[in-house]
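Okay, so here's just one chain, in structure tokens, the form predicted on its own.
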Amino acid sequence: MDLQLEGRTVLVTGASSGVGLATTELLLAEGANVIACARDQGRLDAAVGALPGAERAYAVTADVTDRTQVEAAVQQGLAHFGSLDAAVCNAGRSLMSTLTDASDDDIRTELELKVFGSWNVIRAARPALAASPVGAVVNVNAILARQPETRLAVTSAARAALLNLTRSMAAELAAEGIRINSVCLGLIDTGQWRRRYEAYAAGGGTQSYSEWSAEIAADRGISLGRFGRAEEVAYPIVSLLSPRASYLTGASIDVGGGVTRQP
């Protein structure tokens, strides 16, 4: 199916790895232009430069928690491509900590990243998105927003704040023709999990990565019994950006392999 994204320009944050990189790859495959954003220019250039269609990608650096840097990145992308039709707010990570163990700075940092990491991008891109006939945003969130975990207490709360904020933004910006939706992830096989496995193995763990990850998937109640792959997340994200999804806003799609801990 043609997702009608050819020639459109999309900003993707956290584009140097994982879900952001997979989303960038799929957008390029659909014929879109991509403003690929991350904090590390060298890593970003290497990752995006290796993708098919990389000539239609423009790499810019910014810390999404810094409004000034984000505004500069958006303006650079606009200067390069001349327009902006969609944005994927993907930058983020998880803080493994209970509420008792988290410091005040930990809590502030998580809220800053999850809330302002999206809002800074959207308000910087807002005029261009409003000028587009197909303005759309996807906030990449987590199932934790509705199914909190005590070992990820601060991240769960920050994710819930972003989910609520996304609904508010969708309602407020609808009058400008901007659609905003959420894709909420379960356990996805990205660098964060690979690093946790390396720490486990360095501590004397003997399971293979597949055994270790399958055990975690079972513990978390994932029906499909495994972690998801970044490319399995990219398709729902890109589909929501498509003009074919023009009547979807304020919606949330769970991509978690059937995980559920609530009715």
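Everything numeric here is computed off the predicted structure, so don't read it as measured data. Residue numbers run from 1 along the displayed sequence.
In what follows, reference is made to the form predicted together with a small molecule, a form of this protein that is not presented.
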**Fill in**
Contact with the small molecule in the predicted complex, heavy atom within 4.5 Å, among 67, 39, 56, 226 goes to 39
**Asked** in the predicted complex, which of the listed residues (125, 73, 140, 137) lies with a heavy atom within 4.5 Å of the small molecule?
**Response** 140
**Asked** Pick from 128 to 136, 88 to 96, 73 to 81, 164 to 172: which stretch has non-hydrogen atoms within 4.5 Å of the small molecule in the predicted complex?
**Response** 88 to 96
**4.5 angstroms heavy atom contact with the small molecule in the predicted complex for residue 157** = no
**Asked** Quick one: does residue 17 come within 4.5 Å of the small molecule in the predicted complex, counting heavy atoms only?
**Response** yes
**Request:** Give a yes/no on whether residue 190 approaches the small molecule to within 4.5 Å in the predicted complex, heavy atoms considered.
**Result:** yes
**Request:** Mark residue 45 yes when one of its heavy atoms lies within 4.5 Å of a heavy atom of the small molecule in the predicted complex, and no otherwise.
**Result:** no
**Item:** Triple contact flag 62, 113 and 186 to the small molecule in the predicted complex, non-hydrogen atom at 4.5 angstroms
**Value:** yes
